[in-house]
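In the block that follows, a single chain appears as structure tokens, in the form predicted on its own.
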Amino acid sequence: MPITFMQQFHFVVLPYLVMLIFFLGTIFRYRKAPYTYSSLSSQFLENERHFWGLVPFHYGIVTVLAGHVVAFLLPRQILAWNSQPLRLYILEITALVAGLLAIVGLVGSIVRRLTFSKVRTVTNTFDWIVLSLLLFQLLSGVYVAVFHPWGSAWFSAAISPYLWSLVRFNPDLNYIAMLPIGVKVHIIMAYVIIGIAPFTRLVHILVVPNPYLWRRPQVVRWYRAPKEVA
């Protein structure tokens, strides 16, 4: 199958462009606005729904991302693991459940921002863009898992070699040229999210671990000088 110009752009030019933007954007923001280098949490405005939205989302998304990273770094080991059907089923079901958990948490977070006026007030346009992109990416990931199953196997056999070819600065699109359009869209959207991350709350992924996932509850108060309050 011949490689088209759009495939060259989306799977060769775009990933390198995205990484350049991510690298330079991250450095620029850290130097110019270091105190924004966080999730800019709205937990102090409303905590109950924040907990039930963000915690399931984080546990789900971390599990999904960890699976992608392991398949990228250890593709042969993943394929060996999948040689036993039961282990393959366990891995696929775990990934699907984690994806669904992340969607439930993200939807809860979106509803919270829509229904609580104080939280909605501190939610800017970029936040809505990020939430929309993340929701689309999670839904497309679940779509791929359901309609193009055994993703851990074909990710290790096709996408991992493609990604490694990018790392070696010798892109080889033959690995992904025949992949379904849904998978290709999922990959492209991942690049887009990485590209905008330095300019959004997503930048907080660079300052992990996130201890609030397991720390004891704490009270957060604002302090303002009397003149500011007036």
Partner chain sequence: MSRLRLSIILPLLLGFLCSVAVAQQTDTFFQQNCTSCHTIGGGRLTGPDLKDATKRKERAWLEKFIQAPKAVIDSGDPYALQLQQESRGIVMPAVPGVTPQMAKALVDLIEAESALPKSRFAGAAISDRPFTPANVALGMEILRGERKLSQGGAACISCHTIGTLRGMGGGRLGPDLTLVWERLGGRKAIGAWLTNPLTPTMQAVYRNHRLQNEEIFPLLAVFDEAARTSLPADSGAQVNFFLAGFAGLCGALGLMGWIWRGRFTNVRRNLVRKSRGVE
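Positions refer to the first chain, counted from 1. Remember, predicted model here, so these are calculated numbers, not experimental data.
This next part talks about the form predicted together with its partner chain, which is not shown.
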At 4.5 Å by heavy atoms, is each residue in 51, 146 and 178 next to its partner chain in the model of the complex? yes
Even though the partner isn't displayed, in the model of the complex is residue 139 close enough to its partner chain, meaning a heavy atom within 4.5 Å? no
Evaluate residue 72 for contact with its partner chain in the model of the complex, applying a 4.5 angstroms cut-off between non-hydrogen atoms, and reply yes or no. no
At the 4.5 Å heavy atom threshold, is residue 84 in contact with its partner chain in the model of the complex? yes
Any chance residue 92 has a heavy atom within 4.5 Å of its partner chain in the model of the complex? yes
So which of 55, 185, 62, 202 reaches within 4.5 angstroms of its partner chain in the model of the complex, heavy atom to heavy atom? 55
Looking at 23 to 31, 186 to 194, 167 to 175, 64 to 72, which one sits within 4.5 Å of its partner chain in the model of the complex if you count heavy atoms only? 167 to 175
Its partner chain in the model of the complex - contacting residues of 150 to 166, heavy atom within 4.5 Å: 150, 153, 154, 157, 158
